[in-house]
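The chain below stands alone and is given as structure tokens, in the form predicted alone.
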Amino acid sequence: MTDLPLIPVRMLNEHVYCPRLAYLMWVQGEFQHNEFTVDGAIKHRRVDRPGGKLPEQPSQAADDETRIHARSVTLSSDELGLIAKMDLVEGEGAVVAPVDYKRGKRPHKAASGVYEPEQIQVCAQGLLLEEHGYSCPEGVVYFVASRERVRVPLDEELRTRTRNAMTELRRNAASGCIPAPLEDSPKCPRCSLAGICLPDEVRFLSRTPVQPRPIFAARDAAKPLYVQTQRAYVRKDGEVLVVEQEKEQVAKARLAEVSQVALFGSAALTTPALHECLRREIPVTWLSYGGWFIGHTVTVGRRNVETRTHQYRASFDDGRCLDLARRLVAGKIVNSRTLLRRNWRGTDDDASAPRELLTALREDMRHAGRAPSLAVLLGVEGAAANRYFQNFQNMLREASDDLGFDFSTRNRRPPKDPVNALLSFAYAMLTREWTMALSSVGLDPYRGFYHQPRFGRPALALDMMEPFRPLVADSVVLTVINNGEIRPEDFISAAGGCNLKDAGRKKFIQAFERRLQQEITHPIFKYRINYRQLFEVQSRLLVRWLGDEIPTYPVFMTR
């Protein structure tokens, strides 16, 4: 406990508001803006600019009436174990008061005019000022929206509650165990970290009878920027990313509306544009001309060390690896079976998928759930995949044969026919999406549980995408073929391989994005969510399972 850093006073506020929130922010380094935090930052801009000066030593003269008005004052104390950046300190001589700015209106429901977290925060600031020799009989909370100042007397009772809060926060941080989420609290929907904390989902999966409320993953309004034009480059122009080719502008996108940048082949990004993407935490992914996922560029990464520690520890535990792998493979088989059942295109007399095939896949799913080792599980998955792809042709419309979309077996590296070219490209796109989702929650996408580590292979992304191969990748392939969105002239064949042309790749990317934006009802939590948000939720649920907050990882399966 003695090795703990100084407690930021703002964390005391968060701890009293919600101990789990303080742990996520302070110990695990998690943070996510929402409209309330952004509004608060805007309303703090003036007091965040340093102004005035707080004397290092208070005046000792009893009649000193020198006025003090200092903004953005940082004080710390090893004795108290606290550090604070105070919005404003005002007073005369040696008697001062900390003034803390809050973005909202004064809460008239609170008897004192100030809620408990704000009282604790301003009291801790007062203790720091006293530690530096000042007299601080009261603090002030200023509510920007209603322009009201509320005085907070720093009596002995409040000081005791503040010290108790400091002790509790230190104890939680030293324990290494994240506190349980609040139960059905009205605070959660307004909390910017609700999508990270997953309070209702964690309680629901921990066998607590509470129905989860809808959550909203970050950057829902932002969209990926794909640049596949060869020799194109992306530059920054103010708040806009401009795509140019041969010094001619071909596209542009507002930075605030970009969730990620994907560059194909020789497309490039200028250094200022890359710096701005990193500053805004917009990941940049690099793909080969043919769409093979090469890598990605992100900022220094998530600061949540505990998440990676849990991941690495579990990845060396054979029992946990097998447990998760069984669930993921079983989920993939179930979703493959569902896709066959829903999209089977038989004759009028035999319009549904054969019962024998569905029964065999159900048996494969059961065998996967009981596999005694990863080697056996690999064999079960291979048998199920072989059964699935042997019947893949039956999900293509009859006219597709005449168009050259014949499919007999799965082949790759390189794919030899148009359908396999589409499947390979779809899996590469899905791998990229999962790599982004896992990185964004602080997991290492290269350390998996089912797929073994191999140079340059995002093993965890490959693990997590297994149940989504049929639901997203295969589904998009069926859509673009059966709807006639992609034609044989969209492919090029050379040296025994088949690949998409630029125009075909553009059409496929559009269809893939449509699929990711499609909303579905979560079969466990019952709220509506699109696939891209679902990837983030599933990633965060994996984090909760790795941290032993929930007993099992819930694999997404459709009926």
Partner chain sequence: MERLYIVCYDVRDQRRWRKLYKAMHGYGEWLQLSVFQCRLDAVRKLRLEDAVSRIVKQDEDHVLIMDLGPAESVQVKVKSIGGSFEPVRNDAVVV
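Quick caveat: nothing in here was measured; it's all calculated off a predicted structure. Numbering follows the first chain given and starts at 1.
Below, we refer to the form predicted in complex with the partner chain, which is not included among the displayed structures.
Taken together, the three residues Asn34, Val38 and Arg254 all lie with some non-hydrogen atom within 4.5 angstroms of the partner chain in the model of the complex. The single contact residue among Arg45, Arg528, Arg67, Lys53, judged by any heavy atom lying within 4.5 Å of the partner chain in the model of the complex, is Arg45. Checked against the partner chain in the model of the complex, the candidates Tyr226, Phe468, Phe204, Phe143 yield a single residue with a heavy atom inside 4.5 Å, and that residue is Tyr226. Interface residue remark: Val240 is counted as part of the site for the partner chain in the model of the complex, having a heavy atom within 4.5 Å.
Taking non-hydrogen atoms only, Gln510 approaches the partner chain to within 4.5 angstroms in the model of the complex. When the partner chain is considered in the model of the complex, Ala111 lies well away from it, no heavy atom lying within 4.5 Å. In the model of the complex, the partner chain sits beyond 4.5 Å of every heavy atom of His522.
Only one segment in the set 478 to 486, 373 to 381, 135 to 143, 226 to 234 has any non-hydrogen atom within 4.5 angstroms of the partner chain in the model of the complex, and it is 226 to 234.
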